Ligand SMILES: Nc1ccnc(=O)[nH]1
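Single chain ahead, written as structure tokens, the form predicted alone.
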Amino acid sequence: MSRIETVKKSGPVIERRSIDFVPHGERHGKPFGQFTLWFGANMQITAIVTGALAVIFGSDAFWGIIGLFIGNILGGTVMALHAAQGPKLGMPQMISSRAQFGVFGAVIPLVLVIIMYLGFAATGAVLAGQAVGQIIPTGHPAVGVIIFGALTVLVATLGYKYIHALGRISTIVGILGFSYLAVQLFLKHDVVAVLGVGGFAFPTFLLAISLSAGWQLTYGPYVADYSRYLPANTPAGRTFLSCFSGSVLGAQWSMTLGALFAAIAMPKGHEFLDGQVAFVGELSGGGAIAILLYLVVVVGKLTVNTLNAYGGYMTILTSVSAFTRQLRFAPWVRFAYVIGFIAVSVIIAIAASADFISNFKNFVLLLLMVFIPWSSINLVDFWLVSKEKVDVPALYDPKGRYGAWNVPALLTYLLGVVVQVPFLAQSMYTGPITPLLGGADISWLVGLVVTAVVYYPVARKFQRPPAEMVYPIEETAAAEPVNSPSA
């Protein structure tokens, strides 16, 4: 019996791969695993809050739900196109962006990605901490946030296999819990009457689209991290559909509940604004049922927060490895990085709790401006310019095919960010064109289209993709012990 077989049969094993290429012999799983992971990751309280924001900031419930659906479709399409890269590349999402920006140049958007992970981990921990506090009365909100942070460290450290397992659990738990909430909502409130109030307003309709599109698009920088273990011959279409359907259906279900919660709560004195988790518990009927619903909240948030922690760890290592050339890291390194990452997010969560709703809305919209150009460049290059052909070893070599810095790509990225500024509609800044559109924020759409249109001819001129997919030699990696301590 081989060393690999012995380890597999001996019990749970901490994932040994990090930012290095996953050899074909270690590939496993089916595309449906993408559905359960992303469905479960979206069946959670922060998605409910995102849906509620559409109503809280002025949209009619009915048109807000329609806008959220359109945004989920648009953003989910971009997000799932990133996921479809995973099986072919066999590496983390942000490593692959070195093919567009260069080995060193890719670090620039990487820094922004790390900030994104911290922001989402922190804002998610606020709500999860509230749920933990309802289950285990501690007398202080910070205690619930810290407990939740410790759970996140545990799953993120175990790695890929356990993250997918948590996604399956979250899918089942989310369907049961959110179905119960939907039934209670219709039994206790006149939902039809709420949907009939108000009318169509174009600016708030676009805001709803932007909120859900931003929700989906911010998964882009790490979504392929969770499809990279799929066999390389997995059809891209199946990976795309599994990820797309899971993410869009899960998010739309949650956001629809959030929009209805906010529409019902607002006339009563903004109960949902004052305590989103407590509102869920009250709707459930209290008692033991409420405790179970709080557990649903914790499981859903644990799933997506683990993605943030795991993705944050991978992104930090990707940045470091650009300069150190180190590709393999021992499990204890993941543990150390994850603890540091979660510790920072917990501190942010505790400090930012008071003004959570407003800060979260601005955070999501700001991320759109930063990550839309990155997604546009990455997708145009992979699908249209390189045509799914990448020199994998060169992604780790600043003197290789992709070089250290890709100045044309970086300048296009900068243009994609700057061109959005006149169209922004945020509390911190409103662009000069925004008032002409009735206050609607279309910056994300402008950034997506302009970046793609500019980058395609630039890439056709400057990029030199390989004629065929180039993989690293795998014999050495396959022969190594599974628990190799190399770091």
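Keep in mind it's a predicted model, so treat the numbers as computed, not measured. For every residue, the number given is its place in the sequence shown, counted from 1.
The same protein also has a form predicted together with the ligand, omitted here; what follows describes it.
### Query
Quick one: of S375, T218, N406, Q85, which gets a non-hydrogen atom within 4.5 angstroms of the ligand in the model of the complex?
Only one option qualifies, and that one is T218.
### Query
Considering the ligand in the model of the complex, which of N308, N72, Q276, S254 comes within 4.5 Å of it through any heavy atom?
Contact residue from the list: N308.
### Query
in the model of the complex, does T451 have a heavy atom within 4.5 Å of the ligand?
Answer no; every heavy atom of T451 is more than 4.5 Å from the ligand in the model of the complex.
### Query
Closest heavy atom of Q44 to the ligand in the model of the complex, within 4.5 Å or not?
Q44: contacts the ligand in the model of the complex.
### Message
Taking any heavy atom pair closer than or equal to 4.5 Å as contact, tell me whether V304 reaches the ligand in the model of the complex.
### Response
So V304 counts as contacting the ligand.
### Query
Does the 4.5 Å heavy atom contact test between Y222 and the ligand in the model of the complex come out positive?
Although the ligand is absent here, Y222 would touch it in the model of the complex, with heavy atoms inside 4.5 Å.
#### Entry: Which of 102-110, 380-388, 410-418, 210-218 lines the interface with the ligand in the model of the complex (heavy atom within 4.5 Å)
It is 210-218 that comes within 4.5 Å of the partner.
### Task
Using the arrangement in the model of the complex, list in sequence order the residues of 55-84 with any heavy atom within 4.5 angstroms of the ligand.
Contacting residues: none.
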